[in-house]
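Below you will find one chain, with nothing else, as structure tokens; this is the form predicted on its own, and questions on how it binds or moves follow later.
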């Protein structure tokens, strides 16, 4: 059996008396893409936060990239995870080039790598534009540039196509394919299963806070 980069068993998340997730089982193999669907408020983004090791589950157990979920996730493991959430995680007062340059310095990469990577995602002509003066779609492209530069083993995408025009759909597909080809895993969250079907091998639906495998009925 192919190595599992993500393994959850009976995972639950509660906020006070409110149960968001319960008895979640999830296995994602190396080189595999898995989709998570469900209506707004079903717990999809909460599940991604658990997988990104940003939120500790209140029930169950699991591993991500071989590390057990808990309070003390090794920094080396977190560096192998990339999350693109609802809102772009950029510094508004910095230019697009400066935002990616900050990541490059942490990785020991050159300024030339920054320029080349931004050009790959269609931002070669907007290097000097401040992030807070850029469209949502442009900011999303910078985040995909960050993924290309950091080369994660686990890529987590929350509504990956949000804010991107139809021409940028190829960027999502290419990024997912690159991670999977290197033997990494990709988990995509969406309330539109049709958009993720070409990118994943399996789909789970969150129903009443737990996961059910299979494509949901239209």
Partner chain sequence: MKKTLSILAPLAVVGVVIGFTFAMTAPIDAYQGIFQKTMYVHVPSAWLAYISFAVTLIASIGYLAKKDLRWDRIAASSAEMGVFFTGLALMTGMIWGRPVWGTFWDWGDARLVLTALMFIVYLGYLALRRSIAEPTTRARRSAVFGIVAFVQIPLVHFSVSWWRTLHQQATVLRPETLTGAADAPIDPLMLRALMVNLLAFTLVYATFMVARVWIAKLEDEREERHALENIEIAGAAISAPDFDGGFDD
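Numbering follows the first chain given and starts at 1. Bear in mind that the values here come from a model prediction, so they are computed numbers and not experimental data.
The same protein also exists as the form predicted in complex with its partner chain; that form is not shown, yet it is the one meant from here on.
**Q** Just one stretch in 60-68, 188-196, 35-43, 169-177 has heavy atoms within 4.5 Å of its partner chain in the predicted complex, so which one is it?
**A** Stretch with heavy atoms near the partner: 35-43.
**Q** Please tell me whether any heavy atom belonging to residue 14 falls inside 4.5 Å of a heavy atom of its partner chain, as the geometry stands in the predicted complex.
**A** Within the cut-off, so yes.
**Q** Within a 4.5 Å heavy atom cut-off, is residue 202 in contact with its partner chain in the predicted complex?
**A** Looking in the predicted complex, residue contacts with its partner chain do not include residue 202, since no heavy atom lies within 4.5 Å.
**Q** Counting only heavy atoms, which residues in 183-210 are within 4.5 Å of its partner chain in the predicted complex?
**A** Heavy-atom contacts within 4.5 Å come from 208, 209.
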